[in-house]
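In the block that follows, a single chain appears as structure tokens, in the form predicted on its own.
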């Protein structure tokens, strides 16, 4: 059965591939699973039909038969468990890959999202100029830790590419306009390796096509 995911009808990122459906698209492309996309407006996301799928009124959602999921991390994990290609066969390695997924969302991403809030939503706030350097330093701490783990000879977080890398790269891509990634060349190279994967490129182009169609309408 072909799953259906939801995505923004008009993505706030304008086609940069940062919306949460990007990671789900990428996971589906990595495992070779065809999928359908249902585009939703910001208004529709708050209506009962969508809230029945995601009580928080956001995207993405994932429907397959009688299964409905929300939260991109949960959806990526479901895809990785159900299809070969995103989790190692070895039980311990699988557990570590899942741990890296949690690390991406719970440890690395929070200060990155805090930075986005400061830059986008609080740009006129009187405390913004004092707060932003503090947030950047928290991000640098996480990037330094990640850089130390990767070292000079690791292509991926734990052996072969996994769902942990997919999520981590997705999280780190939010920093590309900040200049912070460039301070850690091996982390920047790690992100570039993820973006070079054919499955990533297919997912990015699919999301970009939606953004371009919206801008032309």
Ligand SMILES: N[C@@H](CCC(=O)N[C@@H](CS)C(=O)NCC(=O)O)C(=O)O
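The model shown is predicted, which means the values in this text are computed figures rather than measured ones. Numbering follows the first chain given and starts at 1.
There is another form of the same protein, the form predicted together with the named molecule; it is not shown, and what comes next is about it.
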{"query": "Exercise: residue 53 in contact with the named molecule in the model of the complex, heavy atom 4.5 Å", "finding": "no"}
{"query": "Contact flag, residue 157 vs the named molecule in the model of the complex, heavy atom cut 4.5 Å", "finding": "no"}
{"query": "Contact test in the model of the complex: residue 203 vs the named molecule, heavy atoms, 4.5 Å", "finding": "no"}
{"query": "Residue contact check: residue 174 to the named molecule in the model of the complex, 4.5 Å heavy atom", "finding": "yes"}
{"query": "Listed range touching the named molecule, judged in the model of the complex by heavy atoms within 4.5 Å, from 68-76, 81-89, 94-102, 138-146", "finding": "68-76"}
{"query": "Contact set, 19-58 vs the named molecule in the model of the complex - heavy atom within 4.5 angstroms", "finding": "19, 20, 42, 45, 46, 57, 58"}
